[in-house]
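Starting off, we have a lone chain in the form predicted on its own, written out as structure tokens.
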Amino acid sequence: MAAPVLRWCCPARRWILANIDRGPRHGRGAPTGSRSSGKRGQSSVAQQPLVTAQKPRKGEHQWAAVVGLEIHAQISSNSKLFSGSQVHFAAPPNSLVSFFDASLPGTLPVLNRRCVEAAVMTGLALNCHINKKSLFDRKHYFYADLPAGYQITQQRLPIAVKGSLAYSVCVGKKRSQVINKTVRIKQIQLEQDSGKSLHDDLRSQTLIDLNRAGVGLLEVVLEPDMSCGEEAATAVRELQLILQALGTSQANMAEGQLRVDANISVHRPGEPLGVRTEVKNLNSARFLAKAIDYEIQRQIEELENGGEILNETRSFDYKLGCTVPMRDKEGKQDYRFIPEPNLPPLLLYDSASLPAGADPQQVINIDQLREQLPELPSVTREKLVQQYGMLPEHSLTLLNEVGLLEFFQNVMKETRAEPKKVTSWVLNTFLGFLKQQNLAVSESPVTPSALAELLNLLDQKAISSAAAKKVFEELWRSGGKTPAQIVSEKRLELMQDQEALEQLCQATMEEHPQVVMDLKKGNPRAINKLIGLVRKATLSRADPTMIKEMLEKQLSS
């Protein structure tokens, strides 16, 4: 049976209970990458022609870009912020809605302790000042996915303020230079999420799913300290890693657990900041970087052509690679913030201010939560550099790719190979195959144990580097076989018969006297050709180092 959903009929402004079987599902507002008609998210300014991304114009260096972010992270909790309804992604529409979530008269909010603890831990990890007293407010606006007509948030006095987020950007042609940067955090506040609007363009209707309504959010407001898309995307990825390490949010952007709004403006150095635009609901780090870079270029071109920048909200069309207008902000909306009358001030304590005889279940101790903080990504990266002697940029990659660090550590546990060699194989060969086939680490056909066994064979000089790559390719194609089995079947083991190898080297020199003559005349590169000819004759089963030693010995005799 089809699941019931609430249908919002705009002309009559009323709710209708409807049944649907299936239909296009999008996030709140106009779908990303499309233009809506007659729905929230439609631009009230004239639609502008779409301009695809172009190469930087001459004179672009005369402009300075300013980027700030508002990040909404869904708190990892079994229940919602102010009700006991469960939180579960992809549940049937309107199956996780309490009376409070639906805003039925007489229902009251009950604050979720877990959400408060998550906010405090996140604030501590981001070097914030935790306010021992914070307040809840009502932010009023009228839209279908907000049944109460207001959102409970923390506008006046949020739970955490004045923090910082350190992140690192790789620059240079080979991206081998690491630059450390810091962005200030204005505040972190607790607030409710809204429901989802499901736009069915085929039937020209919008359906409402309130499963998400009331889910706890952490809004992290970053000051405008960034200047390009890469910096913003890297900062968001670092925040994502911190939230996941803390366990305060799964921060899965694909499931809408981390959503980003970017505020962007450009100005000439030394002049006042320009008019900003806001790009809403960016749900991947890659799209975030592309949207910001496009918007910076669009504003520069607009100003250089004598136009003006409108204070408007835009969305990013990932298919066209550009931003498109949603609505303007010239008439600033009055949210009519008022104190939330049904929630008292949120009081937190530290060890010094904790009341004597207080029930631990009724109070939250900031110092106790500070002691529970796990190892953060920055510390993990430092340990990797110190323990394995890897480059800082390699430690960044290991943490940035989901599951790659665990894969690397599992390989290290089972191999005798040097950490430098393991790092090279994991980051170059293994990660290269993953990206080539667009697979996650968890989807890899090659297990850590298999790679460790392969590296052991290489370390024991049982196979050559070229043979090891062939074995890896075979492991990738045919799962189930061990590296040793593949080496045996393909006859890829190194030649152990030194006498036969010496004879082969001698025969190769006799067959190519001109190469030998070039070598004797002082051309050191000529020996590489002889090495290659010997390896070809052995089907790459001979150790190049051993071949070189034998050739040099025979040439000197």
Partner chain sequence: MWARAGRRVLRAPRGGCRGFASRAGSPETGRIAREVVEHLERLALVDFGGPEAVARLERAVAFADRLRAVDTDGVQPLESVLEDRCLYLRSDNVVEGNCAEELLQNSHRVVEEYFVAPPGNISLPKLDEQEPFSQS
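Positions refer to the first chain, counted from 1. Small disclaimer: the values here were computed from a predicted structure and weren't measured.
The protein also exists as the form predicted together with the partner chain; that form is not presented, and the subsequent description refers to it.
The stretch in contact with the partner chain in the model of the complex, judged by heavy atoms within 4.5 Å, is 85-93, chosen from 284-292, 217-225, 85-93, 254-262. Interface residue remark: Leu273 is not counted as part of the site for the partner chain in the model of the complex, having no heavy atom within 4.5 Å. Although the partner is absent here, Gly479 is not a contact residue: none of its heavy atoms lies within 4.5 angstroms of the partner chain in the model of the complex. Contact between Asn438 and the partner chain in the model of the complex is not found at the 4.5 Å heavy atom cutoff. Among residues of the shown chain, Asn305 is not one whose heavy atoms approach the partner chain to within 4.5 Å in the model of the complex.
For a residue to qualify, one of its non-hydrogen atoms must sit within 4.5 Å of the partner chain in the model of the complex; none of Ala64, Ser164 and Leu239 qualifies.
Interface residue among Val116, Ala452, Ala160, Leu384, judged by heavy atoms within 4.5 Å of the partner chain in the model of the complex: Val116. Checking Ala466, Leu431, Val324, Leu346 for any heavy atom within 4.5 Å of the partner chain in the model of the complex turns up a single hit: Leu346. Residues Leu135, Phe136, Phe142, Tyr143, Ala144 of 126-144 are found to place at least one heavy atom within 4.5 Å of the partner chain in the model of the complex.
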